[in-house]
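Heads up, the chain below is alone and in the form predicted alone; it's given as structure tokens.
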Amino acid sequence: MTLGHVIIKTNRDKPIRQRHPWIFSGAIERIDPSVADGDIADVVTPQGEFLARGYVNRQSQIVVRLLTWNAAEAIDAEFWARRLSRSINLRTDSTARRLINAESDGLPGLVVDQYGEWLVIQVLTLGIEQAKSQIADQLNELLKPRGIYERSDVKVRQKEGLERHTSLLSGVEPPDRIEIEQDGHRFLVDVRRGHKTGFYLDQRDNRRKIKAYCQDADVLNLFSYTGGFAVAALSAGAKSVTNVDSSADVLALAKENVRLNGFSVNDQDFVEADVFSELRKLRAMKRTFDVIIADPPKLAQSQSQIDRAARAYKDLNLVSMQLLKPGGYLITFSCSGSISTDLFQKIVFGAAIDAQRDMQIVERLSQSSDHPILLSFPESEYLKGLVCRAI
């Protein structure tokens, strides 16, 4: 089968040759009229030299997402099977893990997470939407899950001209709560309504690392979600953990998770409030903490939102520093891909200056190893964290 062509402008082929998987509209000379949105096409130079192969969507700013740089590799059922199998085989065995991490695993637009006997899939692009049934068939063949549930209810689909969507793709509907285990801790996960696909799998390694700072500590856990960091801190011997989140539903599930791991639940330790307002309330009360964990949701959805997000990150970290005891630790994160590691450190530095606190970086944190970072795709390094000590 002969594929249509996407012709790249002269001297705009360098990122493609360097195996970056995105092609923006400004780099494209023209697209063959025979190529429909969602189709696989060959990307070529004006002279007809093959560069790569990927799927097309003119409605998106990222017009082509590349799948292969090998002219002999067809994008067919065997291709999907190979890529899925390769990615799954690279993961360590666990009841809760990311199996497919989109571009980082050579499958742009596709996220697949495993929670016990169920798979949760996110379809982010038109090209993956059109291959979805083939992908589901291959996942069933490779892993034989009880069910595959689709959580394609994310804003980014709108940029692809797609509606938000959730449904059971195959098998048995997941229960209201799926129990998973990570590092000896048990968690209940709501895969149908929870954030992301139900749980912050990308913080797995960091939940283990923060334990070193929490023994005998009074901990403030901001944007606490369903209690992942709370359970880690309590298991490390924290004296107290105060959890703040704006959602009553996630706090209720956090209580269940704390109780599930054998710790007592005190209602006053679970505060339903806007985090920024609660921080100011705590400051007015002159409360202080040994450890503050700040893991906000993505505050910058795009480049245009960076300035606003930077102000919010600075405010969050500034007031948090003012609540730290001498020698205390601020464990602070950004999951905004548009906020680089360097920029995030500068924001935290600016917060320290305004808070008039001397802070040392004692550890840097990143996403867990089942969320790999592709060297040719720096955008895949989205989660960054700093452990800062007040001196």
Ligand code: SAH
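From 1 onward, residues are counted along the sequence shown. Please read all numbers here as calculations on a predicted model, not as lab measurements.
What follows is about the form predicted together with the named molecule, which we do not show.
Novice: Please pick, from Lys209, His195, His165, Arg311, the one residue with any non-hydrogen atom lying within 4.5 angstroms of the named molecule in the model of the complex.
Specialist: Only one option qualifies, and that one is His195.
Novice: Which residue among Gly262, Gly184, Gly237, Pro297 has a heavy atom within 4.5 angstroms of the named molecule in the model of the complex?
Specialist: Here the answer is residue option Pro297.
Novice: From the candidate stretches 105-113, 67-75, 242-250, 150-158, select the single one in contact with the named molecule in the model of the complex, where contact means a heavy atom within 4.5 Å.
Specialist: Selected stretch: 242-250.
Novice: With the partner left out here, check for me: in the model of the complex, does some heavy atom of Val275 sit within 4.5 Å of the named molecule?
Specialist: Answer yes; at least one heavy atom of Val275 falls within 4.5 Å of the named molecule in the model of the complex.
Novice: Since only the chain is shown here, I'm wondering whether Gln203 would be in contact with the named molecule in the model of the complex (any heavy atom pair within 4.5 Å).
Specialist: Heavy-atom contact with the named molecule at 4.5 Å: present for Gln203.
Novice: Within a 4.5 Å heavy atom cut-off, is Asn317 in contact with the named molecule in the model of the complex?
Specialist: Contact with the named molecule, no.
Novice: Can any non-hydrogen atom of Phe79 be found within 4.5 angstroms of the named molecule in the model of the complex?
Specialist: Phe79: no, not in contact with the named molecule in the model of the complex.
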